[in-house]
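Listed next as structure tokens is one chain, alone, in the form predicted alone.
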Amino acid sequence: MLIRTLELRDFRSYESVSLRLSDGLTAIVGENGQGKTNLLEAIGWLARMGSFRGVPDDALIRIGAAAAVIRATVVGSDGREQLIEVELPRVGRNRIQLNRQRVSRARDLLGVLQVTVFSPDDLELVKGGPALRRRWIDEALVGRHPKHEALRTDLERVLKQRNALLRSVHGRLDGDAAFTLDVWDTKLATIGTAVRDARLAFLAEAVPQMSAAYDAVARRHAEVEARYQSSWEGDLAEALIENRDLDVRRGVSTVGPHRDEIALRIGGAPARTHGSQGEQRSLALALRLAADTVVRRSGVAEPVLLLDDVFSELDPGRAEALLDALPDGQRLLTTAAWLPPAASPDRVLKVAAGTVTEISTGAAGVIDGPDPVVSDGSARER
């Protein structure tokens, strides 16, 4: 899977930019605040139908503009080239086209482009709350089976409706509300069990890859674990009945896959509280690498790798080890400071002073200086 070209209009800091990307490693360099990450964020939007930074779509529109546009030509695993076009307006619904044909549902675009994103925020996969780890595994599941997005969407819809009902009864469940709750319980039991089973199956494949990736990035062996902890035992339908009184009192669903955890351990101890900063970073990278490996081995796609300023958070040894652990294929990385000697990018793009220019590299990836402009347009700091 490759991205041949990327065009942006009024996206984030860019008024207009048009790029042709390398099939291998492209390094995007420049000082902080110049818009390096914005380029990766646009690519990520096309793959995930949303920002990997978690910001709303209207925050992606350049100040003063009515809409943002992202356009990219993508070569799939089958060698077929496809054109993706997205318009994000301030008012109204997003407009998405695939090969000049309107896409009625955003999820129909899933799978056309797949990415694996590495960023400094990945440390929160280890240090943060369970929701981040659930998001990690669910996004990986969509990468392996794009149809899983429909299951995830159905779960969110059922939970929203069930929780709204629980809040509306104000702690007292009458006959009509009880009947409606039975309906939502049946749906939640079916969908929730399917989500948990899919997560368990994926984790069984990912854990060995995570262990190998951790050893490679950390450059030493450690016993690392990722254990799925379900919020219920046995049958989910029975668990919902058992917890009904509690749910009614609290006005929220207390059991289900939305309450599950993926517990991470290093050397037998909880990684979240006992791991060193270096161990936690190595484990976060290992989680990303493991998910990417499982998706690749499924044969569905070979994701494009997006590395957003990860080297600034790594010591030279871990930076070199990460580069060694990355699979072949198209990779885009941003950096404000330095490139590891082993990076050897095929193309280096510099974002500065309102333009994106191509620059040459010398020995050990040291930037020499500016070369011809490869894109028109302007990028103003937001």
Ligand SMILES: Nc1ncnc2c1ncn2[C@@H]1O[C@H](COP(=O)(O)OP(=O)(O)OP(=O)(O)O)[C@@H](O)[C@H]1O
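Quantities reported herein were computed from a predicted structural model and do not represent experimental measurements. When you see a residue number, it is the position in the sequence shown, counting from 1.
If you look for the form predicted in complex with the ligand, you will not find it shown, but the lines that follow are about it.
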53 to 61, 310 to 318, 323 to 331, 340 to 348: which one contacts the ligand in the predicted complex at 4.5 Å, heavy atom to heavy atom? 53 to 61
For Q34, is any heavy atom within 4.5 Å of the ligand in the predicted complex, or not? yes
State yes or no: in the predicted complex, is some non-hydrogen atom of T26 no more than 4.5 angstroms from a non-hydrogen atom of the ligand? no
Would you please decide whether M49 lies within 4.5 angstroms of the ligand in the predicted complex, comparing each non-hydrogen atom pair? no
